Each structure stands twice: as C-alpha cells, then as structure tokens.
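Just the one chain here, the form predicted on its own, laid out as structure tokens.
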Amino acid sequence: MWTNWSGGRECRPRATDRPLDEAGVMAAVARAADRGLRIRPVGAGHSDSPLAVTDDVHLDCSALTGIVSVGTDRVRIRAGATLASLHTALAEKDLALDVVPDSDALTIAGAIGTGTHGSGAAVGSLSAQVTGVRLVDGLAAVRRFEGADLDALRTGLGALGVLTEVELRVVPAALLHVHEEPGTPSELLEDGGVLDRHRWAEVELHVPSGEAIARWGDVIEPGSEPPPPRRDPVRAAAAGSAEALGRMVSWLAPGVWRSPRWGGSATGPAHRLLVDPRPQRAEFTEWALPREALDAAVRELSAATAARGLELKAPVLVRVGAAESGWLHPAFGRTTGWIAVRAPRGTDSGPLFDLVGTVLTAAGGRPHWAGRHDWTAAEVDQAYPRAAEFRRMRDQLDPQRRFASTHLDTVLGP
C-alpha cells in the first residue's frame, strides 16, 4: 500500500519498480508495456492531488540521485534527487538556486512536474530554471530536450515521460536578510506593496480575525548592515521582538502552523531561512490568480466561508510569482498571486476545498497541480491557451498512454 505524505491519498499498485539508473527506467517502462500496464512515476509523495495514484505500476525513482556536473551557471542533476541534497551540493561550491520552495523534501522531477514555486514577484518557479532535460518516453526511448521544446515539459505532470536528468540555472550564493511583521490584509496584499517590492515575500492571513503577518527578504552583501524595516515606525517597533510579534498574532496558537519564525529578523543563506522548519502533514489546495485579483479574491473567500459556516482553521498563505512559459504551469502567461488553503489531516476538507475552488476559479484562478482540485479537461482547455499543443506533444511522446492514469484521463482527456 502506498500513501502520500499527508495521508490523504493511497493506492495499492500491483507492482513497484525501483530502477537504479536510466537504463533501469527504460527497462521498467518496456516491461510495463509488455504486460499491457500503465506506469506512474512517484516522487516524495507530497502532492495532495492523485497524480501518483495508480492500480498498475509505480515507478520509484528515489535511487536516481547525485550531481552529474556543475558549472558556473548550470547544474545537471539526476531527477530523483531531493531539493535538500541539491541545496547542500550547490552551497559547497558557493552556488544556489534562484528560487527556493518552502519544502526541500521534494524530488527534482516532482517539483518541476507540478510547477512548484517559491514567492517573489521577479522570480519564477523551479520549472522556469530548467535549461535541459533527459527523459524516457512511453516507448522506452531516451529523449533530450532544450530550448523552446522545454515549455511542454516545464510542468509535465508525469504525462510525457519519466525525467531522469535535469539541467538547472544556478546563481552565485548570497545572503538573504529576512524580516517579519504583523499588519492588516488590505495593506499587505495591495498591488505594489510588500509582496511586490522584495526579492522574496509571503503573507499569512487569519481570515476570521482579519489579522495577518508578512515575511520578506532581500539579498545583502556579506558584512553589510541589513536594511531597516520598510513599514511605519510604530508597527516596526511593535514587531521588533518575538514577544510583541507573538502577542499581535495571537491566532497562531499551539497546534496551528507557522508561528513567528525568526523573532523579527534573521540573515543567512536562502535555503536555510526559507524552507519551512516545521512542515505539517496537512492537506492543501492552492490556486494561481492574476496578481491584480489577489486582494478582492481574499475578501470574497472570507465572505463565502463565513456565509457557509466553514472555518478556515489554518492561516491562508499568500505568495506571488512571475509569469511562466510552461504550457501547463498555473502561472502561464501572467504575473501571479498564489492562495494556499490548508486543512488538518483527518478532517473533512471536501466542503471547504470545494468552496475555495469555486470562489477562486471565478476569480480567474488555476489550481496548483499538486493540490486538491476537481478540474476536468474542459476547464483546462478554457484556462490554458496551449493545452492543445501539450496534448500533441503527449501524442508524440506517449502515443500508447503508458503514463496515463484515471486522474490524468480526467484533467487531460484520454
């Protein structure tokens, strides 16, 4: 029995292959074809959507790890490696990723395949850093992609093939100075505000009380003085200690996630500061909206949940990101605001997540592929201008639908 990280998804595949190298991946795909079975790649299991769920064959690529090569601005890594291992390997060479997602337990292939992102108005997702890939297609052949052809693969959902190696853009390592302060949702979500001014930024909202906390960070030179807070002096002074910060966000009680993290501010490498040190096994749904719709969508979500008596027990996480070129990336073609809603493991999240999906779809949202959603191929066609091209690429790389599943049949069609 396979269960995802949150415990909300499970399946009983009839077989699990664990290849040790690319040749092993090719053999596993060919073996599934000989038996007339579908095969689904599985990573760290952090998706709450059923992307990895199958009754046929699981392809566990966790042994495909290690750095293949490192240059001054590129790294080539095997796709089953985790982000944590990549951060460590790059730091040893004074390099870093330009984008740091809040979980480092994800595999490289899983993070790219679902469009995993960080938060920064000028920074794209991990998918946007891809400069080349190797994959095994549905006919068990190795393919290499670079240039414009990568846009189909930047968020491939495991539908086009099994990534075995990925080349990523890297940057010189730098120090990030991060800060956190409380505020009101309206001031923190305003266009051109804290979410848009900094290299990295996020806002957490306690929707029932209207309280919020902002976190942001900017690159500083080693030995230089961190920049002062860019908020009003009274609020900044109140936020200057962990105790004051804790009093002003009393809703972050024990058992609820992501209380004040740095006691006001901190300085260090981005991968040390931005990865969530206390990940919770919660289920989530996340939606990518046009940046300009963010504030109104949060207000509508607050009104809708209150009207239906649905409690948002966990803080709502709001982030931003640059427009993406990946054909099925939720941020395709537009500067994006992200809204993530979480629910404690073991609770009935269905009614809440259904309402969130209805409200945020109406606001122009597209679901994060790793989160809970109920979209079908009809919604995908309407929301993604290049969905038809993605399907044509799928026809080329997986004509027999070796990588298909019930879930992919729903969101992409047969």
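The structure presented is a predicted model; accordingly, all values stated were derived computationally and were not measured. Heads up: residue numbers just count along the shown sequence, starting at 1.
Unshown form predicted together with a small molecule; subsequent notes refer to it.
Participant: At 4.5 Å between heavy atoms, only one of the stretches 301-309, 208-216, 167-175, 103-111 reaches the small molecule in the predicted bound form; which one is it?
Facilitator: Single hit among the candidates: 103-111.
Participant: Using a 4.5 Å heavy atom cut-off, state whether His373 contacts the small molecule in the predicted bound form.
Facilitator: His373 lies outside the contact set for the small molecule.
Participant: At 4.5 Å between heavy atoms, is Gly321 in contact with the small molecule in the predicted bound form?
Facilitator: Output for Gly321 is no: heavy atoms all beyond 4.5 Å of the small molecule.
Participant: Is Arg366 near the small molecule? Define near as a heavy atom within 4.5 Å, in the predicted bound form.
Facilitator: Arg366 lies outside the contact set for the small molecule.
Participant: Is there a heavy atom of Trp287 lying 4.5 Å or less from a heavy atom of the small molecule in the predicted bound form?
Facilitator: Flag for Trp287 set to no.
Participant: Taking 4.5 Å between heavy atoms as the contact cutoff, choose which of Leu97, Leu157, Leu294, Val316 touches the small molecule in the predicted bound form.
Facilitator: Spelling it out, the residue with a heavy atom inside the cut-off is Leu157.
Participant: Only one of Val162, Val341, Val203, Leu328 gets a heavy atom within 4.5 Å of the small molecule in the predicted bound form. Which one?
Facilitator: It is Val162 that has a heavy atom within 4.5 Å of the partner.
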